[in-house]
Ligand SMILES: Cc1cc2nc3c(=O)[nH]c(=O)nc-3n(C[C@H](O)[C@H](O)[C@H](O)COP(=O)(O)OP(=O)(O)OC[C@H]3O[C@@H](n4cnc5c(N)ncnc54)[C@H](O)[C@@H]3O)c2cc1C
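There is one chain below, alone, in structure tokens, taken in the form predicted alone.
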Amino acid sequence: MKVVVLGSGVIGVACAYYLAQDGHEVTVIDRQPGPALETSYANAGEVSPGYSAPWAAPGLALKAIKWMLMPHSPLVIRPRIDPAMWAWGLQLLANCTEARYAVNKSRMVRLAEYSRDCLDALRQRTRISYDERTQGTLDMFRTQAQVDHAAADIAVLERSGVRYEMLDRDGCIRVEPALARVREKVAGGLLLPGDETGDCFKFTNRLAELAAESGVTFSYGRTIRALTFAGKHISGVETDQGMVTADAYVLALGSYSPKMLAPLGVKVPVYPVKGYSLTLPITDAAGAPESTVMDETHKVAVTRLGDRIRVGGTAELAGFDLDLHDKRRATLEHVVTDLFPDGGNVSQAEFWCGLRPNTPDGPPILGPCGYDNLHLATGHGTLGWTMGAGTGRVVADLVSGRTPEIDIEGLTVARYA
């Protein structure tokens, strides 16, 4: 079967790879000159099933107010006349209950755990390399209140069968020795030993090479204008270089998915949430993180990627704006220099931002959408890297007419009906 995949981020490339493994004739279309040049380019570097959680959590409204009053705020809202932003925000608040949080987190963890297993199998089969490490994530708490509040997340982890370990200050330093230099700032932590790290950009580019070796055609520098349709059947993809037709289509356009789907009458509540990162060279290996340390106070992750440190975080609601703001850089610099003062050279850091495609409830949107030959793979928020391999496998199964290995209940657009 001929399949067209729209988008060459980690989600689109993973879908293309698994579809090719199933014997399909696959073409990937993207406006960029290569893979992973937008949101997948410089994310936080975490493959974190254990840290998969919706932003829509109990008490979010109060937390948001506190965050925005912090000198180094993890949240910035730039109000604008944008009905989509306000509708998304209201849906987000509607999901901020204990019951909805538990359901949404369990759905996310289900896919994230499966995706981690798919990634491990892929790594074993292909020997793909991307500065990967399998040493877990340390969610580091600066206050005793944060330690006490970890109980709610732990309950969901236990129900989902996710391994974890609560650590005191010395336990955190045992896992991340460089924190001994700032031990007074550590109150405790939650270790998620099943989490991994790696460079999403390197991974996606290498996987694209493997996909091409399996027959996938990558059509870069090609702007997608619209999907054409007859009834409930997609008939083609209109691009600036002509029409492309296939038997089936996979839409993996991240934050831009709603704009492409709107003319089809398909509404997906995906809204861009801008995130920032710094990538700096390591100057003292002993003073750098061993894996990922998530600063719970600032919601910033500090990750070791080979001979570099990736610092990723902050959430900015600003539509499709891609301006780099110095205040956001200051927050990232504050966290990395506060926790790992000797680890890297911030003066040589690359400063970047990307648009995370967030759903208001947390889980992504996969699979059918009312058109018999169109499948969705969007809405992964901050977890596209975490859920990439699993999403690719699930979508390939659906396109091929197979039942996926995991239950996709609650992971399709039908949950918004």
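Computed from a predicted model, the values in this text were never measured in an experiment. One-based numbering along the sequence shown.
Another form exists, predicted together with the named molecule; not displayed. Remarks below refer to it.
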Seminar exercise, completed: in the predicted complex, the residue from Leu317, Ala150, Met260, Val244 with a non-hydrogen atom within 4.5 Å of the named molecule is Met260
For this session: Report whether all of Val10, Gln32 and Glu38 sit within 4.5 Å of the named molecule in the predicted complex, measuring from non-hydrogen atoms.
Result: yes
For this session: Given that the partner is absent here, state which listed stretch (121-129, 261-269, 171-179, 222-230) has heavy atoms within 4.5 Å of the named molecule in the predicted complex.
Result: 222-230
For this session: Report yes if any heavy atom of Gly275 sits within 4.5 Å of a heavy atom of the named molecule in the predicted complex; otherwise report no.
Result: yes
Problem set entry | Contact test in the predicted complex: Leu376 vs the named molecule, heavy atoms, 4.5 Å | no
For this session: Report yes if any heavy atom of Glu46 sits within 4.5 Å of a heavy atom of the named molecule in the predicted complex; otherwise report no.
Result: yes
For this session: Find out whether any non-hydrogen atom of Val302 is located within 4.5 angstroms of the named molecule in the predicted complex, and reply yes or no.
Result: no
Exercise. Mind listing which residues of 376-413 have a heavy atom within 4.5 Å of the named molecule in the predicted complex?
Worked result: His380, Gly381, Thr382, Leu383, Gly384, Trp385, Thr386
